[in-house]
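Given as C-alpha cells, the chain that follows is alone and in the form predicted alone.
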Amino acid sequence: MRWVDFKDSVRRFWEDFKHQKAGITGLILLILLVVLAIGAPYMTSPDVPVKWQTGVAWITNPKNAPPSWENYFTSQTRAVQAEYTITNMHVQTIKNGTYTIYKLSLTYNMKYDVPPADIVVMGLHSNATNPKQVPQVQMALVRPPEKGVKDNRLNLISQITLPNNNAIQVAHLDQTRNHVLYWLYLNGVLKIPNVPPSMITPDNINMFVMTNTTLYQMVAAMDSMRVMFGRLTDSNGNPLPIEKVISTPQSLKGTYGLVITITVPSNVKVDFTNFKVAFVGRTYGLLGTDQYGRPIALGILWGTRVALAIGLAVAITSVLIGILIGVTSAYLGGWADEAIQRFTEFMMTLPVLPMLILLSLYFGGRVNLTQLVFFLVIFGWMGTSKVARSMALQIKEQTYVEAARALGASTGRVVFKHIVPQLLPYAFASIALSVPGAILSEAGLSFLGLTSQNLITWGQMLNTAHQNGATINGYWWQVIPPGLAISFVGLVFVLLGVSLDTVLNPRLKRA
C-alpha cells in the first residue's frame, strides 16, 4: 500500500469514527487513563510500589479511615489529616551548658466533633554515635481556655528517645496515658480517695487506678486523644463526671498549641529536613485508607498502569496469534486445518480459571507480570482464531488471491499480503473488546492472592479488603473504588470496540 493510500484510508476512517459518540467518549476516556498511567510516578512518587509493600511508610496515616468528603454527609465531623513540617513551626534554639535545646511550637485548629486519632512525630535525624547522644523528646499540648479548668497545659511525654528513622506515636504510649490520667486528677475530674495528693505522680497514678475495678475498666477503654481534645467541665465550670469525660467525651473546639522540646548534646547535629508532625485524622483524602494506612486513591492511580499494561499486552498478543493461526489453518486446509482445529477446540474446552490457578501455584503461587501475560495469552487466542479462520476461508476464494497464487506467490506472501490485511479491521475491534476480559482475569487471580505483591493492582486491593473484612465492617471505600475502576476501564474499551466494529465492519456500516 502506498503512503498516499494509507493516509487516505486513515482520513476516511476518522471521518466515519468521529460520528460515533460512544467511540469518541471511549477515546477521550482512554487518553485520560493513559495520561494517568504515565503520569503516576510524576504526580506522586516513583517509589510508591516499594512503599506500598511496607506498613512503615504509612505510619502517619489513619487506618481504615473513610474519605474526608464523607464529613459532608454525617452529623458529626471527623478530623481530617493535618501534617506539619519544620517550615510550619516556630523554632527556638537554646544553649544550656553541654546541651542544645530545640523548642518547636505549632498551632492546630481543632474544629471537628471527633478529634484526631493520634499525633505522630517522625523524620528527625542526628549524627549521634551512641545511645546516650540520641535526641530526647518532650511534648506538651496547650489547650484553649476552658472555664473551671485549672491547668490548660497537658504534658504528653516527659522524656523519650527518638533515634533516626523512628517515630513517636503519642496515642499508643503508656506514658501519654498516665499523663492524661494525672492531668484529669489535677483538674478534679478523676478522684482517687484515701490517697494523699503528694503520693500521686504521673508515673504511679495507674497503680492507684487499678485498685478500683470499675474505674480501671473504664480507663482501660479510654481513647486518650478524645480526652485530650475533649471538655472537662460543664457550662458553669463544674467538673464533668469521669465516666462522661472518658466514655462519651464532647470535643473542645478551638486553637491548640503543640510544644515539642528536643534535647541533644552540643556536639550532636540535628537535621530537621524530613522532620514531620502529623495529626492523624479520622478521615483521609479522596478515597480513604486501608488497614495499613495506604491511600486507596494512590492504589487506584497506580493500578491503572498495571491494568492497561496487562489488558493491552494480552489483547494485542492473543488477537495477533489467533489471527495468524486462524488464517494459516484456513489457507493450508486438509489435514493441517483439521489438526489445528482439533487443537483449538481442545484448548477451548479447558477451564481457564482453574488452569490459571494451577499454573500460578506451580510457579510458586506468586506469578509476576510477564508470567501472568503469558498465561492469559495461552488461554486467550482460540475465539479469535475461529472467527479469523471463517473469514479467511471466504477471502482465499477471491479472484485476486487466486491470481496471486497463479503468479507463483509464496504462501507467506499470500497470507500476509492479501489475507491478513483484510482481517485488520476485525483485529482492531477484537483487541479493544478483549482488554476487559484480560483485566478481569488478572483481577480474579489477584483477588485470590496468586499474583506478585510487587505490583499494585485493583485485584490485590480487593484481596486486601477481603482479608480486612471490609464488607462486614462497612469499609465501603476499600471495595467500591477498585471494583468501579475495573468496570470503568472495561466500559472504555467496550465503547471503543463497538464503535470500531461499527465503522470497520462493512455489514454493520451499511446497516
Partner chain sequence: MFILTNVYICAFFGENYLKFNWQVKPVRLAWISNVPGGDRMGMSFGKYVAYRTVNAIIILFLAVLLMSALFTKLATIQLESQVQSTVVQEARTYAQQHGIPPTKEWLDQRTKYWEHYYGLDQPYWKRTWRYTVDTFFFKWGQSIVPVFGTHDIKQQIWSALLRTILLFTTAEILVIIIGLGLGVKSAQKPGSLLDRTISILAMLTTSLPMWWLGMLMILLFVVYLGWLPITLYSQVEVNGVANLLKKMSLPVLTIVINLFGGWAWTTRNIMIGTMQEDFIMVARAKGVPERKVIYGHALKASAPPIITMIIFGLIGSLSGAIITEIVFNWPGMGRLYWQALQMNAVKTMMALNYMFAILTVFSMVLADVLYAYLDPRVRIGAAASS
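Because the structure is a prediction, the values reported are computed rather than measured. Numbering follows the first chain given and starts at 1.
There is another form of this protein, the form predicted in complex with its partner chain, and it is not shown here; the text below is about that form.
> Within 4.5 Å of its partner chain in the predicted complex, heavy atoms considered, which of Leu33, Leu462, Leu455, Ala40?
Flagged contact: Leu462.
> In the predicted complex, which of the listed residues (Val401, Ala313, Leu359, Ala330) lies with a heavy atom within 4.5 Å of its partner chain?
Checked against the cut-off, the match is Leu359.
> Look up in the predicted complex whether Arg342 has a non-hydrogen atom within 4.5 angstroms of its partner chain, and give yes or no.
Yes, contact at 4.5 Å.
> So, Val48 and its partner chain: in the predicted complex, are they within 4.5 Å at any heavy atom pair?
Contact check for Val48: no, nothing within 4.5 Å of its partner chain in the predicted complex.
> Can you work out whether Phe379 and its partner chain are in contact in the predicted complex, taking contact to mean some heavy atom pair no more than 4.5 Å apart?
Yes.
> Looking in the predicted complex, any heavy atom of Thr44 within 4.5 Å of its partner chain?
Outside the cut-off, so no.
> For the chain shown here without its partner, which stretch in 223-231, 296-304, 262-270, 430-438 has non-hydrogen atoms within 4.5 angstroms of its partner chain in the predicted complex?
That would be 430-438.
> Hey, which residues along 339-370 are within 4.5 angstroms of its partner chain in the predicted complex, non-hydrogen atoms only?
If the 4.5 Å heavy-atom criterion is applied to its partner chain in the predicted complex, 339-370 yields Arg342, Glu345, Phe346, Met348, Thr349, Leu350, Pro351, Val352, Leu353, Pro354, Met355, Ile357, Leu358, Leu359, Leu361, Tyr362.
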